[in-house]
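Single chain ahead, by itself, as C-alpha cells, in the form predicted on its own.
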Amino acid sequence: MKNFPYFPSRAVHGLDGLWTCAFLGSEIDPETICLDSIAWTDRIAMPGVFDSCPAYVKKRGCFALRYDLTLKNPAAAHRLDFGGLGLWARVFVDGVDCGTCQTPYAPWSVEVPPSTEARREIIVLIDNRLDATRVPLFDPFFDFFGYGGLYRSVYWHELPALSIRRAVVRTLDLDGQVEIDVRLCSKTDLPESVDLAVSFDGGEARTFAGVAVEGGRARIRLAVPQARIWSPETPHLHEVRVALEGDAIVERFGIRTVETRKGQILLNGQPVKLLGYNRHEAHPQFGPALPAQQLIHDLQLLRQLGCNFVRGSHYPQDQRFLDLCDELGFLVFEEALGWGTPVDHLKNERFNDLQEVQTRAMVRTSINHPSVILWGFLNECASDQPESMPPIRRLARAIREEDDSRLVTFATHKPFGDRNLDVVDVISVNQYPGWYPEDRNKERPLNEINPLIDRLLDHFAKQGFEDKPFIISEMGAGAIYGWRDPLEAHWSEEYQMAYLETLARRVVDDDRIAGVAIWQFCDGRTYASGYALGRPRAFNNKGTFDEYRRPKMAAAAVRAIFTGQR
C-alpha cells in the first residue's frame, strides 16, 4: 500500500522487502564501525523491527541493514526518503556517509552522492539503545516500547534537474477555491519562474506560464472543478496533478475548513464533537511497523464503536494510516514525539532544536491530509514550570509558520498550573480520576470523574479561556483481558466498563466538552525495565481492546453511547 503523493514522471524505487542484516553488538560504537568488516549473516523484512524477531528479541545494540539497488538513470540526482525509523540511524550509499537520523518516527530524507554506476549499495546502521546523547528525544521512562528498525517504507527517488518536492493544497473557501503551493528542488540555482500544468481528478490540464518562484515556491490560485466538500459523513477527496518540464506530482486533498468559536470546534462552519481514542502504532508481532491490513482493521473497529476521531499518540503517524483516515472520514490529532518531558530537557538547546526539526517534518509531510485537524507536541511535559514557556512557544510558532490553517494544541497533565494555555487554539487535558484515585480507600472511586471535569471547566472559565474548545485528550482505566471480577476491582473488565460508561456519557451529554480521546484503543507493550512494576504484563492495559484487538467488555458500552443506542 503506497501513500500519496505519487510521482508519475520520475523513477521511484520502493525498498520494501527483504534486506540483508547483521547484529553488531551491544557494546559497539556506531560512529566507528568499519563497513567492510560487517559479516552479513541474516535476512529481515522491512519495514520491520528487530525487537519482535525471535533471533533478536531482548537485544539492545547496533544493527546493520543492506539493500542493493539498480538504477534506471544513475547520472540523475538522487534522494532517499524514510517514512520513519527508530531509534537512531546512519545511512551510507556506496560507503559514503549520507547522514544521521536522531528523530525517531519522524519523516527523514538524505541526498545521495552522484555515481556513474547503476548498481548502488545502501547500508543503514540502526541503534535501538536508549541513549540520551544519541537519541535525546526518546527516554527510558517512555510508556511505550522503543523499537529498532525501519518502521515505514523507504523510497529512492531519481530526480530531474528541477523537481517538485510537494504541492501543498490549501482550501480558501468551501466553493472550491484553493491555493497550490508548489515546492521545488534543484541541483543548481532555482529559476525565477516556471511553467506549470495543473489538472484535477484526471481532467484536462490548465497551463500557467511564468509563475514566479520565491523562496523555492511557486504559488497559484484556482477553482477545483466540480468541487465537493470533505467531512466525516461525506469524505470526498480530490486529486491534483502538477507538472513542469521533466517532473510531475499527484497529491490528494480534501476541501474543508477548521476553526474555533465560542468553545466549539467548527468543521466547514459547523460544530463537531470529537468522539474517539488514542491509538499507538503497536502490535506484538510487528511493533510499530504495521501491515496495511492491520491499519484497516483498527479503523474498522473504531468505526464500529461510533468514533470519528483518532489521536495519534505520541509521534508522527504512518502516511498510509492518514490516507485511510482521509478516505474513511476520521478526524486526527497528530503530534510530534514527546512524553513526560522534564525541565532539564526543556532547558537543553539540542533537545529543543531536534523537537523543532521533527515537528516541522511532521507538518510538511502530513499537510495535505484533510483528516488532520489538530497539530500537537510534547505530551505531558512540565508545562507548569517557567522553563516550558520558550520551547512550547517555539513549537507553536514553528507549526503556524508551516501551516496556519489548522488548530494547535498540546496535551497537558498539569491543567491547574499550566503556564501555556494562552498559546493553544484548543485546550487538551490528560487526567485519570477514579483510576489513580485521590482517595485510595474507596473501592470504586468512579464518582471522582465528573467532579474533576467540572473543576476543569470552571478553572478554564476563570482563567479567561471559556472560548477555547476543551477536549479530554486522555482519560481511561486499565483492564486485563479476560479477568472478570464480581467485586469489579481495578484491573477488572467490569471496572473499566463502568469507568468508560461514566466518561463517555459525560462527554456526549455536555456541550462544553468539544471531544474526547479515550486512553486507549488497544493494549500496547511498554517498559522492559523496573518501570514495568506499575504495568502488569509489561503492557499498558488501558486498551478497550487487547494487543491482538480482542474486545473487552468496555467496547460494547462505549459503542452504545457513541452510537446513541444506550
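Worth saying up front: this structure is predicted, and the values here are computed from it rather than measured. Heads up: residue numbers just count along the shown sequence, starting at 1.
There is also a form predicted in complex with alpha-D-galactopyranuronic acid; it is not shown, and the following applies to it.
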task: Mind telling me which stretch in 554 to 562, 21 to 29, 538 to 546, 7 to 15 gets its heavy atoms within 4.5 Å of alpha-D-galactopyranuronic acid in the model of the complex?
output: 538 to 546
query: Taking 4.5 angstroms as the cut-off for heavy atoms, does residue 379 touch alpha-D-galactopyranuronic acid in the model of the complex?
result: yes
message: Using a 4.5 angstroms cut-off on non-hydrogen atoms, would residue 436 count as touching alpha-D-galactopyranuronic acid in the model of the complex?
response: yes
- prompt: residue 158 near alpha-D-galactopyranuronic acid in the model of the complex, any heavy atom under 4.5 Å?
  reply: no
query: Heavy atoms within 4.5 Å of alpha-D-galactopyranuronic acid in the model of the complex: does residue 230 have any?
result: no
- line: Interface check vs alpha-D-galactopyranuronic acid in the model of the complex: of 460, 432, 138, 82, the one with a heavy atom inside 4.5 Å is 432
query: Just one of 200, 147, 108, 339 has a heavy atom within 4.5 angstroms of alpha-D-galactopyranuronic acid in the model of the complex, so which one?
result: 339
query: Even though the chain is shown alone, can you say which residues of 311 to 336 have a heavy atom within 4.5 Å of alpha-D-galactopyranuronic acid in the model of the complex?
result: 314
